[in-house]
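Presented below, as structure tokens, is a lone chain in the form predicted alone.
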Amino acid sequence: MKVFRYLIKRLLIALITLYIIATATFFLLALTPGDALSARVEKLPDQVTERLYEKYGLDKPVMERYLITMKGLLHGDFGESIIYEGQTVQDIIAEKGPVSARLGLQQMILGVGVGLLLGILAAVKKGKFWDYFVVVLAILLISVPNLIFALLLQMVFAARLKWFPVIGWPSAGQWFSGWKYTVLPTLAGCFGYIAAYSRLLKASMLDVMNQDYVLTAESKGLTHREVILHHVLRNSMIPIITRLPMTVAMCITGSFFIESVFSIPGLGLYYVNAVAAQDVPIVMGETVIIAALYIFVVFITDILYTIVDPRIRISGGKR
């Protein structure tokens, strides 16, 4: 019963959270001057303008549009894009989602992998050159925005050295081809993961190294390598495992700035264009879907805590 009540409680919280996010997004867009049709109707006859505003419901009062929008969201109908005529939100997500997913997964796999290796190196070499090197590198990578790295990589390796294309992306549906187009955006987006995971694993390993059972293992004659592999590293992975689901969720929803810089036709680029053009259906649809994904991942993360640390109960507290 406790588990059932917990699940019901989390479901209600998720629904309320989604409602608040959708409502806030709608009214923030409504308060912004202008609308998605303003630029298109400047030179059109009044009758055509009226029909366009009627077609997209922009001729109605704000509260009426809000109720229509929320009713559509409740039925899973996000509506038709205003700036991308004939395309629904579902069509755009289905078409552009795999592009963002491939880019994000490549960034995550490279960034998390390198970050974990650097974190191990910094913890094992604590107080030595490699420790300070990783610390300085992490500070640098976390301080400089991905947008700056993207522009620098584009300028050096694409414009000057001409090793890679300046912009572009493989054709839709191609997951394992066109690698030359993916190298620079993958590098530009992986630096944040490297910084975050190297610091996280280093801190976790240093904490575990000070535990009594590690000192006991060393006193029993185990080599330093055996202690690190079988005791320290294994127990240090708990915060890594619980953070990974959120990382996966973040990486597959699109890199807004990187996709814009490299003209990658993913969800991030479309979202930025939709916000700039006040395309309410696109912004509302992507925002709600991304928020729902994050809420689901947070729930999975809570479940993972109970798996990797049996002392934590799903209903809260410790055993």
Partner chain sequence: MKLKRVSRILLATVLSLALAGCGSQTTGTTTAGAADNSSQASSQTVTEASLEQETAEGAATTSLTADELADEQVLNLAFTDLSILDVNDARNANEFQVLSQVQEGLFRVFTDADGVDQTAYAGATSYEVSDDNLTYTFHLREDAKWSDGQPVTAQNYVDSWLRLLDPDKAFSYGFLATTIAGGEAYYNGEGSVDDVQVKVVDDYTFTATLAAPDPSFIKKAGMLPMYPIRKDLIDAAEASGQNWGNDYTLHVFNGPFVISDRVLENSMTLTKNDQYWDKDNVILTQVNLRVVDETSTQAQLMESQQLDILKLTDLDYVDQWQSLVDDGTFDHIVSTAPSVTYLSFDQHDAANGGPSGLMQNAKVRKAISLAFDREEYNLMFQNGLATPAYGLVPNGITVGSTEFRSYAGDPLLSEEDQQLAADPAALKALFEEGMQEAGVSGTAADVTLTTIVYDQTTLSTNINEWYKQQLADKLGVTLDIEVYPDVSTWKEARDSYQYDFYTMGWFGDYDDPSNFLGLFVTDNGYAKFMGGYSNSQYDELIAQANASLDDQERLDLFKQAETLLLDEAGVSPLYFENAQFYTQSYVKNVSYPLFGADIEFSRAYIAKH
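Predicted, not measured: the structure shown is a model, and the values here were computed from it. Numbering follows the first chain given and starts at 1. Heads up, when I say rigid core I mean the largest set of C-alphas that superpose within 1.5 Å between the two forms.
The following text describes the form predicted in complex with its partner chain, which does not appear among the structures shown.
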item	value
Residue 265: touches its partner chain in the predicted bound form, heavy atom cutoff 4.5 angstroms	yes
Contact flag, residue 231 vs its partner chain in the predicted bound form, heavy atom cut 4.5 Å	no
Close approach of residue 26 to its partner chain in the predicted bound form, 4.5 Å, heavy atom	no
4.5 angstroms heavy atom contact with its partner chain in the predicted bound form for residue 131	no
Interface residue in the predicted bound form among 151, 215, 109, 238, criterion: non-hydrogen atom within 4.5 angstroms of its partner chain	151
Its partner chain in the predicted bound form: contacting segment from 241 to 249, 80 to 88, 100 to 108, 184 to 192, heavy atom within 4.5 Å	80 to 88
Contact test, all of 55, 260 and 269, partner its partner chain in the predicted bound form, heavy atom 4.5 Å	yes
C-alpha of residue 52 moved at least 2 Å between the shown form and the other one on rigid core	yes
